[in-house]
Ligand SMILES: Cc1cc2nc3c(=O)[nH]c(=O)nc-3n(C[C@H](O)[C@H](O)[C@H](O)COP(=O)(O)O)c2cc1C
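Take a look at this single chain, the form predicted on its own, given in structure tokens.
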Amino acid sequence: MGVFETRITKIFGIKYPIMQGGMGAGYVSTAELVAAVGNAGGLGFMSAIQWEHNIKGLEDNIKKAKDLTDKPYGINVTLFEEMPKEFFYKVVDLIAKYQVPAVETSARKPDPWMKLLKQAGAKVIHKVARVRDGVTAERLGADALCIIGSEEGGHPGAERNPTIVVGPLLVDLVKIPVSIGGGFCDGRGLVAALALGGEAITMGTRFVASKECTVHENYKQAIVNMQYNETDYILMSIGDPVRCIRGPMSQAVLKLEFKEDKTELIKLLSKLKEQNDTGNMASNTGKLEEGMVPAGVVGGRIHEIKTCKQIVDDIMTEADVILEKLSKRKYWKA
């Protein structure tokens, strides 16, 4: 078995151990992106919650993905408690109807959805931020796990533990394969994840800054321009933190979080939710100063907008070179 052939590549039928995690802050992970990742040899996940108010939009994207690629693709089902269960039932029905091969669940325990997703014929990878949640997901029947460290953009979890710690901790506690996410963008990261016991890497920010991602160019350029220390970790006060690129909105949220009276914070969050409900999030309008755009700290290491094929090919080429140099046991500079 080749070094880049893992249990995850076998389970999901993909060429390389590279995954694009579901991203739902506006229309980010759509058919165009997941198909491009699939065609490049990885596995991409559309985020179902992007179409919470337009289930037909999700169905249309599933059809488009099937038109754009004959490779595996998946759907992320973010199990936010505040979302109606009826929506999730509709998503599961579409997964069964179109025989979607892979599902990434996240945010909450995947029961009772795990049984329904398995009945729909999908392979399920459950994404967690806490080690104990990964152990629970294995018991509930997940085929694989993804654990993300606090370096990641979006919702990295409240414990704020680094990828290099939580990754191997979970690997040692479960029998099913684990993908590791948070801070990855290149071949060095892939080799590191494999060394930690991971069987794939999961990336979000790197794939946002791709030519196929349908977000506004301002968002992509903001990732290319940002420094590693130019993100804000916000909403810890409500127990559901978000890491995003530092901007006027994220700074305003941070200031309001320090106030005992949360009235102003609630009003601001309501405004952001309205952007989401009306499809006017900053990631799509390009008005970054009026909203929040998720990104991981790894954005400070991303300097070019590439096609998904270029991203994946570069990762695999670099990983090969690194492994060859390591095998010679010589000191070297990446």
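Position 1 is the first residue in the sequence shown; the rest follow in order. Since the model is a prediction, treat every value here as computed from it, not as a measurement.
The next section is about a form of this same protein that is not shown, the form predicted together with the named molecule.
Asks: Report the stretch among 260-268, 137-145, 245-253, 182-190 that approaches the named molecule in the predicted complex to within 4.5 Å, counting heavy atoms only.
Replies: That would be 182-190.
Asks: Among V298, L58, L288, A65, which has at least one heavy atom within 4.5 Å of the named molecule in the predicted complex?
Replies: Flagged contact: V298.
Asks: Please determine whether each residue of T9, G44 and P72 possesses a non-hydrogen atom within 4.5 angstroms of the named molecule in the predicted complex.
Replies: Negative, none of the three is within 4.5 Å.
Asks: Would G204 count as touching the named molecule in the predicted complex under a 4.5 Å heavy atom rule?
Replies: Contact with the named molecule, yes.
Asks: Report whether the minimum heavy atom distance between H126 and the named molecule in the predicted complex is within 4.5 Å.
Replies: Taking the distances in the predicted complex, the answer for H126 is no, it never comes within 4.5 Å of the named molecule.
Asks: Report whether the minimum heavy atom distance between P294 and the named molecule in the predicted complex is within 4.5 Å.
Replies: Yes.
Asks: Looking at the partner-bound form in the predicted complex, is I49 within 4.5 Å of the named molecule by any heavy atom?
Replies: So I49 counts as contacting the named molecule.
Asks: Between 64-81 and the named molecule in the predicted complex, list the residues on our side with a heavy atom within 4.5 Å.
Replies: N76, T78 sit within 4.5 Å of the partner.
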